[in-house]
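Heads up, the chain below is alone and in the form predicted on its own; it's given as structure tokens.
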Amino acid sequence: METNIAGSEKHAKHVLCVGAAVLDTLFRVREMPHGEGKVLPYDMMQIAEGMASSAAYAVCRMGGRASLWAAVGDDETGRRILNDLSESGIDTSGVTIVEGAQSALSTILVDDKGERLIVPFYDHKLHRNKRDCTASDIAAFDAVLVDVRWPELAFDVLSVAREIGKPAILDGDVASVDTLEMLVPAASHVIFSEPAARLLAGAERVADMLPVLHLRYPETFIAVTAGAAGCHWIEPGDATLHFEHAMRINAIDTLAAGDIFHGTFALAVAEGMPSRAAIRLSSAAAALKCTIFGGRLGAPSRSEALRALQAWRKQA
């Protein structure tokens, strides 16, 4: 698989990703099962991913450097997760290995429409103790990106990053309202999934969610991604609603598409890219991922995303 480094390794921006590291077993099926019975997949693979891990991979594919803070058990699954992610170019030296805990596992069905059914298992012991997070820890990074799977550590990382002036980006996926209400105010940028934004804003339409969220968090960049329906966002201190269309593709696997969006966006923010350009690049990367079965392995390189984006915009 092509590796694209934008400039030299020395000058590439460095993003810290915090949260989930999971060993996924993917089964490809013609259609989702209904009721009891046996399902016979026609393809499968196992891969280490998870929201923060897949986002870190996207950072690497886009030409940046990525470090991961997550937790795995002291088991064979944990060793496999670390090996898989390390071989993908992610710095896993900050991953916590928890004695006596089981590493996270998921079984995932992906149908021919690209939709998925996920059955995850997370051992509560994985996150019973969190690592320290100081200003000197975060100073080494150009931006941080956290998911909702380790809320206590995510809060610390976001808070310290904002204190020292680093972009503090939250992958606002579905979680408890308490978790979202703890993490959102600590972030400088929040990219919500549509279900998570609906949960927090109490509105049905994305265009109605954003004014509610902006009123609550007026100094935060807030975006809501809606898959093929595009991305809406509001800038800090400005209630203007912005929108960018999603690239039209034939989706065969949507797994990790949101994570690829978030990782690409985090790197773009670290590079100082304007919001619309960052959204466009992130949307293109997520769309291209959906055309390949295999979760995060479908993440495109930066040059692939830029070429596809240019071609699509010429046709639009």
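The model shown is predicted, which means the values in this text are computed figures rather than measured ones. Residue indices: 1-based, along the sequence shown.
A second form of this protein, the form predicted in complex with another copy of the chain, is not displayed here; the remarks below concern that form.
- Among the residues 80, 125, 242, 245, the one placing a heavy atom within 4.5 Å of another copy of the chain in the predicted complex is 80.
- Taking a 4.5 Å heavy atom cutoff to another copy of the chain in the predicted complex, the contact residue among 117, 97, 182, 212 is 117.
- Contact between residue 39 and another copy of the chain in the predicted complex is found at the 4.5 Å heavy atom cutoff.
- In the predicted complex, another copy of the chain sits beyond 4.5 Å of every heavy atom of residue 274.
- Contact annotation for residue 107: at least one heavy atom lies within 4.5 Å of another copy of the chain in the predicted complex.
- Among residues of the shown chain, residue 159 is not one whose heavy atoms approach another copy of the chain to within 4.5 Å in the predicted complex.
- In short, of 28-36, 63-71, 260-268, 285-293 it is 28-36 that has heavy atoms within 4.5 Å of another copy of the chain in the predicted complex.
- Contacts with another copy of the chain in the predicted complex, taken as any heavy atom within 4.5 Å, map within 121-142 to 121 alone.
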